[in-house]
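Let's start with one chain on its own, the form predicted on its own, as structure tokens.
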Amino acid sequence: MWRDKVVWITGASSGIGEAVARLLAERGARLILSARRADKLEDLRHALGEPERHKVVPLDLAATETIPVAVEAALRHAGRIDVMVHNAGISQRALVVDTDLAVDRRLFETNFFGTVALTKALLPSMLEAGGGRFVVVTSLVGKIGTPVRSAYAASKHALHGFFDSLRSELWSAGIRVTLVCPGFIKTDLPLHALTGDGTPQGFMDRAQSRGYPVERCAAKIVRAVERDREEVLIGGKERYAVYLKRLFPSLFSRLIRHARVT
């Protein structure tokens, strides 16, 4: 299903985004690659088979005023976007009491408002083309809350609410949504996670360093899209926390107070 499909991936310069890009390029997709660092995106583009089939569109989701220009560049190059993979985001490692409100806002500007702004800018072209798919990489903490991730969890919960609503509104117009909820995936996300004053954490979490392989995560994301899944949980045993909270919320509440989440 991927041959000559146009797929736009944010956060494509590393981690899950890069792994998805490499896998889809192997399957014949044409890629739009976005992140803040154009040099890393160009390195990735040239590492993919047939690099001339792919385009780099640098993008900082927190700078929402630049998003219409990025959408125009992507559509001018490819003519359409069949699948939009919303993968870019910032994580957090700080207690609520230690976190500046400016940090909470920064997390929402990138994780939620930037993603929503890009979605709204892209929707008219998708509707005109008769449909399209949004693949939204949220997190298991889009379903549960854990210590030291309060604003991160809130921004991911917000994405679930927004895209569940979008799916219901535009199903008849051909718009599909796949929500992806990764747990501990072995990427460098913790290095850039914001601490209470907004500075990066700068080191890896033990749980993340032992996490689920990123290539397997990418394969499960691609498979979920191929199977038209509306939501998929990816990771190790931490996935069961979602079911535990759903079925036994009081027990979950007691356990999460003492769980090792870093």
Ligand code: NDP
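Quick note: we count residues from 1 along the sequence shown, nothing fancier. Source: prediction; values computed, not measured.
The form predicted together with the ligand is left out here; the points below concern that form.
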Okay, which stretch from 176 to 184, 72 to 80, 123 to 131, 163 to 171 lines the ligand in the model of the complex, with non-hydrogen atoms inside 4.5 Å?
176 to 184
Of these, Ala151, Leu189, Ala94, Met84, which has a heavy atom no more than 4.5 Å from the ligand in the model of the complex?
Leu189
Checked Arg216, Arg223, Arg37, Arg27 for heavy atoms within 4.5 Å of the ligand in the model of the complex; positive is Arg37
Does the 4.5 Å heavy atom contact test between Leu44 and the ligand in the model of the complex come out positive?
no
Taking 4.5 angstroms as the cut-off for heavy atoms, does Leu233 touch the ligand in the model of the complex?
no
Can any non-hydrogen atom of Thr119 be found within 4.5 angstroms of the ligand in the model of the complex?
no
Test of understanding: in the model of the complex, would Gln208 fall inside 4.5 Å of the ligand by heavy atoms?
yes
With the ligand taken in the model of the complex, which residues across 118 to 146 come within 4.5 angstroms through any non-hydrogen atom?
Val137, Thr138, Ser139
